[in-house]
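Quick heads-up: it's one chain on its own, the form predicted alone, in structure tokens.
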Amino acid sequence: MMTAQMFFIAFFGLAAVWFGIVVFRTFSMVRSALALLFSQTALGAMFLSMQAEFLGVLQIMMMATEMSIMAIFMVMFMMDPGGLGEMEMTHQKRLSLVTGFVSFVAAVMIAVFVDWGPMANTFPDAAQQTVDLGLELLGRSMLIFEMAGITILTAMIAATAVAIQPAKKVSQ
């Protein structure tokens, strides 16, 4: 069982990285949004592979909604959402490559050389983990999530209101 679990974690991890690269390799903003959706869905599948069902389903549902809205807004407001005009999706390539390489090396060094402490010998089952996470989210973190939701909704309404051209008055 552990071998199959590790296989799926590695498979979905590689898929997430691959689609993350595809985000910057396409000329279309819509294709970039879909590649980002697939990348984040692969992360959700990694959660599912690690038996964190609640987080996996939440990740997939959240990203599906978010990326769908993002793609719709891109089609509405971008001059060339289909990518027919050979858009350049990367900026400051040297700085980005250096920053990415330094971040990768730092992440590998942290993963390998940091003492993470002993492995947990006992842990709650999936149902209890979901209950504990729900209590945390509905307890002290509820106000933060509510404010974030209202802020995002307000920004979406404001962006739509700014983008809509005012109607012309019809003279009688």
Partner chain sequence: MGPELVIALIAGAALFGVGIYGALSQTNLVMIMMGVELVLAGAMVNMLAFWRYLHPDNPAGQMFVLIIMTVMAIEMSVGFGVAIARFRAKGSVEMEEAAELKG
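So that the term is clear: the rigid core is the largest set of C-alpha atoms that superpose within 1.5 Å between two forms. Residue numbers count along the first chain shown, from 1. Keep in mind the model is a prediction, meaning the values are calculated, not measured.
One more form of this protein should be noted, the form predicted in complex with the partner chain, which is absent from this view; the next part is about it.
Residue 41 versus the partner chain, in the predicted complex: is there a non-hydrogen atom within 4.5 Å? No, residue 41 is distant from the partner.
Does residue 139 reach the partner chain in the predicted complex, with heavy atoms at most 4.5 Å apart? Residue 139: no, not in contact with the partner chain in the predicted complex.
Within 125-148, which residues come within 4.5 Å of the partner chain in the predicted complex, counting heavy atoms only? Heavy-atom contacts within 4.5 Å come from 129, 132, 133, 136, 137, 140, 141, 144, 145, 148.
With the core lined up, does the C-alpha of residue 57 move 2 Å or more between this form and the one not shown? No: residue 57 shifts by under 2 Å between this form and the one not shown.
Is residue 141 among the residues whose Cα moves by 2 Å or more between this form and the one not shown after superposition of the rigid core? Yes; residue 141 is a residue whose C-alpha shifts (by 2 Å or more) between this form and the one not shown when the cores are overlaid.
So, superposing on the core, is the move of residue 156 at the CA at least 2 angstroms between this form and the one not shown? Moves: yes, 2 Å or greater.
Are residue 147 and residue 64 closer or farther apart at the Cα level in the predicted complex than shown, by 3 Å or more? Between the C-alphas of residue 64 and residue 147, the gap widens in the predicted complex (3 Å or more compared with this form).
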